[in-house]
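In the form predicted alone, a lone chain appears below as structure tokens.
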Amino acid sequence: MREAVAGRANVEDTKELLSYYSDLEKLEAGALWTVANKIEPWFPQSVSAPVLWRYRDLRDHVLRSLDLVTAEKAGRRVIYLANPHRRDVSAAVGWLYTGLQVMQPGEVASSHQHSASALRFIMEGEGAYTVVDGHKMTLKENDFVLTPNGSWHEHGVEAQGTPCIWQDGLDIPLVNALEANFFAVHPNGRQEMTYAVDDSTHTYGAPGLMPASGTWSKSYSPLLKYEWAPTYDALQRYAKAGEGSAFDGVMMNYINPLTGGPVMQTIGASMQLLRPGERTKAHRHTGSFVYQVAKGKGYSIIAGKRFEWEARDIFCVPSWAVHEHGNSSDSEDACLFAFNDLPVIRALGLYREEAFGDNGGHQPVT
């Protein structure tokens, strides 16, 4: 790829050069100027496409898997969501993975650990729970739970519960790209629950308060479960206090209460509220995002394409894609949960953001 710009590669092929390149290839080498413009783009060139996965289209297929494969044989009964341009790495967008996991009442997935960081966002059902390093957490719709890298964790549904579906989010593609992924199954199949049920929330879940004593030293948040009710309440309170962001509406980050930083080292998460009729201004930033609609209905315009969404739909925004969101209702708010790779992007000094147009204008809609 040649570019007639000073400082960019602009070498015309000749018979002699082509022979030279062939000689280099035999030595497992190459001339930088033949690939420089491709591997050093002027701005991020994501190969991921914006995608909307409609829950109403997926739900029956997810439930059908209950009759086709057992949780024991599957390891984890999950329907993963594949970006059409990232199927080779099983990614939903960029280096992020997501899928829909379903479990029957009385089922338990074996305890395991892996290098990838993971999260769960509960979509429907009653009686779901997760155990992380001995901490058992009961889960309800729109609760957000962490299963950090290296932690022993297992999932299940109480016998008196109902079939449960939740969204899984992991950085498996990233960890595999770094060639650093490990996986292990607990030697006993199950782990002991060594703490009181929901102790994490009871200890660290009160806003503005911290235990006067404690010895938590792990790199991820000690608050392993973030409940929906206080999250939504916090959004509503914040909405009364100010206008929020012109580009994201009323948006709040899930944080590690000990540090104020992201919940895990490689994955960040947020919840944002769009007021009735609100439409955000368009912007773009580095970092990939996977969204789930926690409440309401609306639309997003991503890279010039409009996607209409409703509760439980999932969609993605590739890195550096211009995007904006809108609430279609004139009377009810809408809420979007999202997880992202911003902790990695920021730690590497690669975060960049800009408004689209001088006045936050919008791309043409197709």
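Heads up: residue numbers just count along the shown sequence, starting at 1. Quick caveat, the model's predicted, so the values are computed rather than measured.
Keep in mind the form predicted together with a small molecule is missing from the figure; the text below concerns it.
Between the small molecule and the residues H114, K136, H285, K295, the one pair within 4.5 Å by heavy atoms in the model of the complex involves H114.
The contact with the small molecule in the model of the complex, taken as any heavy atom within 4.5 Å, belongs to R76 out of R76, R237, H186, H85. Contact annotation for D168: at least one heavy atom lies within 4.5 Å of the small molecule in the model of the complex.
Proximity of L146 to the small molecule in the model of the complex: non-hydrogen atoms within 4.5 Å are absent; the residue sits far from the partner. Heavy atoms of Q101 reach within 4.5 Å of the small molecule in the model of the complex, making it an interface residue. Contact check for K225: every heavy atom lies farther than 4.5 Å from the small molecule in the model of the complex. Look at 170 to 178, 277 to 285, 216 to 224, 138 to 146: in the model of the complex, residues with non-hydrogen atoms within 4.5 angstroms of the small molecule sit in 170 to 178.
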